[in-house]
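Just the one chain here, laid out as structure tokens, in the form predicted on its own.
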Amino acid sequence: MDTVHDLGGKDGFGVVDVHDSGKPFEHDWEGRMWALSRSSRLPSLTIDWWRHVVERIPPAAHMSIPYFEKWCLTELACYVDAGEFTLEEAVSGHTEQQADAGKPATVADVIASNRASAKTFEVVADVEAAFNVGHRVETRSHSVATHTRLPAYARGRVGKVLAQRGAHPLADDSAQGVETPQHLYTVEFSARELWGDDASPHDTVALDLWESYLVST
């Protein structure tokens, strides 16, 4: 989506702090938000729809609130959209609906759940892959009004296919509730192709991109 949510390659945001504090969360509520997200009971929720909802946060709010607060707003919006509770109930923090709280999860339960969630998203495509390893391709440069995994800084750029990753549901369609199998590739770009002559001639960037993002050069 072509809004402030796509910050890749953007300047003017200051120095990025890369020092690790050693703590998984800066505040206790962030840990609780992570736990709530990991225990979501919405079977229809996909990562692409979740990201689509994140991108509906107004730009001014997105740029001014903490990372996990964005998660909180997104989770609440997803539950309201699914009819689990109303917006008024979310704002009040109370609901009249009865629900089974279930048994509290132990650390062992969480570890087992994480292991079970590790899976491949590969699907079967009806057509053969259009590109092979070593193929030179150019990314499309059109603007996108909905969710996409083609970042703005990599549009209209020429790269080389490093690997074929099989077919996967196209994120753009998945965010709209439609599963479209499409071939996925890892494409390598030189830093200078992306950032200009001031970039290092030795650096490259690799992106996983769907076939509809690419054209042959």
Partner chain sequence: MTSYDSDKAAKIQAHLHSHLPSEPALRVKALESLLVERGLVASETLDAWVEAYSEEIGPRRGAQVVARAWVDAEFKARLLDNAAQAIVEFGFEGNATGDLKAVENTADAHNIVVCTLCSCYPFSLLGMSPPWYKSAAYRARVVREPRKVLAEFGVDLGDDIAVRVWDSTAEIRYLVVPQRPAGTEGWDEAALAAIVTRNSMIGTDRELVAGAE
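None of the values given here were measured: they were computed from a predicted structure. The term rigid core refers to the maximal set of C-alpha atoms that superpose within 1.5 Å between the two forms. Numbering follows the first chain given and starts at 1.
The protein also exists as the form predicted in complex with the partner chain; that form is not presented, and the subsequent description refers to it.
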query	finding
The partner chain contact at Arg157 in the predicted bound form, heavy atom, 4.5 Å	no
Contact of Ala90 with the partner chain in the predicted bound form (heavy atom, 4.5 Å)	yes
4.5 Å heavy atom contact, Asp17 to the partner chain in the predicted bound form	yes
Contact of Pro151 with the partner chain in the predicted bound form (heavy atom, 4.5 Å)	yes
Interface residues of 152 to 171 toward the partner chain, as seen in the predicted bound form [heavy atoms, 4.5 Å]	Tyr153, Leu162, Arg165, His168
CA of Asp198, rigid core aligned, shift of 2 Å or more between this form and the one not shown	no
Threshold 2 Å Cα movement between this form and the one not shown for Asp11, core superposed	no
